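There is one chain below, alone, in structure tokens, taken in the form predicted on its own.
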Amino acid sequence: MNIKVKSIGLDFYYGEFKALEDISLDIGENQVTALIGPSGCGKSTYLRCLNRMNDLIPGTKAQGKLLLDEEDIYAADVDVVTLRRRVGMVFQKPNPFPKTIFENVAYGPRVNGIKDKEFIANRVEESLKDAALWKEVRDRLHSSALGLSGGQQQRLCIARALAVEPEVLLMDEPASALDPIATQKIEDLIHELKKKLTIVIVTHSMQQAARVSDRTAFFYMGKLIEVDKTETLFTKPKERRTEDYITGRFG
């Protein structure tokens, strides 16, 4: 396994509250790593550490190391804008901009200073194809994104994240607001995207983690309890707490 992202002894604080304690985790390149655990266990906090989204919350601080391609993303000289271009994010609820479908996807390249119209049009098409949405919207690119269904909006948000060609894609419960058919489309898409990207997904659904991920990490009360190949973690967990969570004794 080639390591794309690595945390070493990562602690994270919201003010005085220690939300993560001593998290050391390797995230493999071109793999899907699922983060599971009960609500409030730190999995979404850890996810947001990976592109420093937590920096936007006053009074937070990280200690320890978080490496992307061996470079510490919390080093003083890191350009956070560049980091977030390399590490994209898709949120729980679809959040398209109140613009056209085309403008949603073109937003990232434009913000990054690209003015070439042909290049932008090609990136929009490629990104929508990568997000398995192109066939559904190619005849309505200049219609409002808000007219799409929830599942289509979420795939549009994935296309928007892909348009700046990230190396890592973070997904915070990307299908929890969707119906089963839309959820399956997102899961099929994750399988395709890992050929090009490293994916980290937070999910409340253990069935989803089992379906989409190569490795699964179980978080509990701000600590990483266990990480292993997904099949191994679900069938032969080493830790009692992992087994109790997976079998539904708590959570």
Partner chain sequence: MEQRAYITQRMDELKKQVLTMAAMTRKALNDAIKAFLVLDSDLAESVIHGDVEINEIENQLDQFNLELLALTQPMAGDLRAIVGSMRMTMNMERIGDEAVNLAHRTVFLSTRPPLPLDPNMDKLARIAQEMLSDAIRAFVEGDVQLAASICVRDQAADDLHYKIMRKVITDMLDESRIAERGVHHIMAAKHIERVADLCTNLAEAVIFIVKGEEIKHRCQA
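These figures come from a predicted structure and were not determined experimentally. Residue numbers count along the first chain shown, from 1.
We do not show the form predicted in complex with the partner chain, though everything after this point is about it.
Not one of 135, 152 and 184 is positioned with any heavy atom within 4.5 Å of the partner chain in the predicted complex.
Among 206, 53, 193, 225, the residue placing a heavy atom within 4.5 Å of the partner chain in the predicted complex is 206.
Exactly one listed residue, out of 236, 229, 240, 18, brings a non-hydrogen atom to within 4.5 Å of the partner chain in the predicted complex: 236. Only one listed stretch (206 to 214, 26 to 34, 55 to 63, 185 to 193) carries heavy atoms within 4.5 Å of the partner chain in the predicted complex, and that stretch is 206 to 214.
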